[in-house]
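Here's a solo chain for you in structure tokens, the form predicted alone.
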């Protein structure tokens, strides 16, 4: 489970995240949706423990700043940042050693194969395209078999096969009870599988909906999204 309570992030006088509170349950796929500059990536980075913030964040019942939380958290950033001088396979080995994983090789092979990195396993990070680097990020995050996973714009830069495979992986993680939070500005990329959606604008969650209630009410999610996000221009702070 992921629990975010009164998350506020300021850059001097600018408020990037303004008192965000939400919960994502086990086996639930939640989406932070909104235009660039809405504060989605800032929230994801705060949850991942990369930024200082006010408020409280719990991952699997642990403070997100704790070692216990970091052991069960997978994070795929918007901009991949692989180690330039490590090969694809060495990235897998590095993560396995860092997390002290046992019998990890078979899972690493499976991830590499599914994301079509098999013929790139000896290529160094700096030699790969952004799309290939994104695939490494996904493999590294999922190798540890996390209980909570954060995806920041995960489909950007991926080829059609990788997008299809990642969507299948998301549903498999959901079936295993993994908590999933996805940040995106493209509603159509997540329309098949989201359970909860939080529409952000100017650092705030302006609307929260659950799929089951949207299905019952017949509410048009796309219309709601544009009604909220087109009220005023997004600010210039991170996405």
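Residue numbers count along the first chain shown, from 1. Given the structure is predicted, the values throughout are model-derived calculations rather than measurements.
Separately, the form predicted together with a small molecule exists; it is not shown, and the next lines address it.
Contact check at 4.5 Å (heavy atoms) against the small molecule in the predicted complex: none of 19, 22 and 46 pass. Contact check for residue 179: no non-hydrogen atom falls within 4.5 Å of the small molecule in the predicted complex. Interface membership of residue 64, defined by any non-hydrogen atom within 4.5 Å of the small molecule in the predicted complex, is ruled out.
In the predicted complex, the small molecule stays beyond 4.5 Å of every heavy atom belonging to residue 60. Shown alone here, residue 41 lies within 4.5 Å of the small molecule in the predicted complex, counting heavy atoms only. Stretch-level contact check against the small molecule in the predicted complex with heavy atoms at 4.5 Å: of 28 to 36, 187 to 195, 205 to 213, 167 to 175, the positive one is 28 to 36.
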